[in-house]
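Next up: a single chain in structure tokens, the form predicted on its own.
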């Protein structure tokens, strides 16, 4: 069974045949909401809205540990993250779908490991490739099968939020090698790795990052909402193709 974590603009899946919803209690507190279990194209799927079904949890307040633990608990073996991002270079334009391959973490103060108790052993994970290569390739093949163009590869800069970045901060991220900027990939990706879950992402470019594009002096939240509304249908199409191709 694979899991989908929906971000801003994806709080439900209208192509999901719902079987039941399940409230999961975890050692780390409550997840963002009940898990929705069902099927897409005959494949078992579990869905969770990262920010809550009413979009009530800001990125820095999400209980990432509870979310990831709950998905593992109900039997998920791989996770597809759907998240909106800002595009830093012209190639990553609003409306583009991106399958990132790397992360730079700029967050702070988030509970970022399952191994922090006094009785827990010191545990290191290999995080050279934060997105599972085989799962990324299956997502890319699914997009091609669905006829949806995607950009293969991007360095995702994960910032703290909830505010958007300054233009100077985006300049810094670009110098660091980032292509897109978001607020939720970390510690989510690392926690999935700690629990042995394959993890990959579909990023929806909702806007150009601060200081970039036509709205260089101010980001329009109305335009972001319109872009996400138009583009999430394409994401659902890719996810359906992913489910249809099986393992």
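Numbering follows the first chain given and starts at 1. Note that the structure is a prediction, hence the values are computed from the model and not measured.
The discussion below concerns the form predicted in complex with hypoxanthine, not included here.
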- Item | Close approach of residue 81 to hypoxanthine in the predicted complex, 4.5 Å, heavy atom | no
- Item | Non-hydrogen atom contact residue 150 with hypoxanthine in the predicted complex at 4.5 angstroms | no
- Query: Is residue 182 a contact residue for hypoxanthine in the predicted complex, using a 4.5 Å heavy atom cut-off?
  - Reply: yes
- Message: residue 209 versus hypoxanthine, in the predicted complex: is there a non-hydrogen atom within 4.5 Å?
- Response: yes
- Of the candidate stretches 174-182, 192-200, 26-34, 65-73, the one with residues having heavy atoms within 4.5 Å of hypoxanthine in the predicted complex is 174-182
- The unique member of 155, 125, 93, 164 whose heavy atoms fall within 4.5 Å of hypoxanthine in the predicted complex: 164
- Which residues in 84-117 have a heavy atom within 4.5 Å of hypoxanthine in the predicted complex? 84, 85, 86
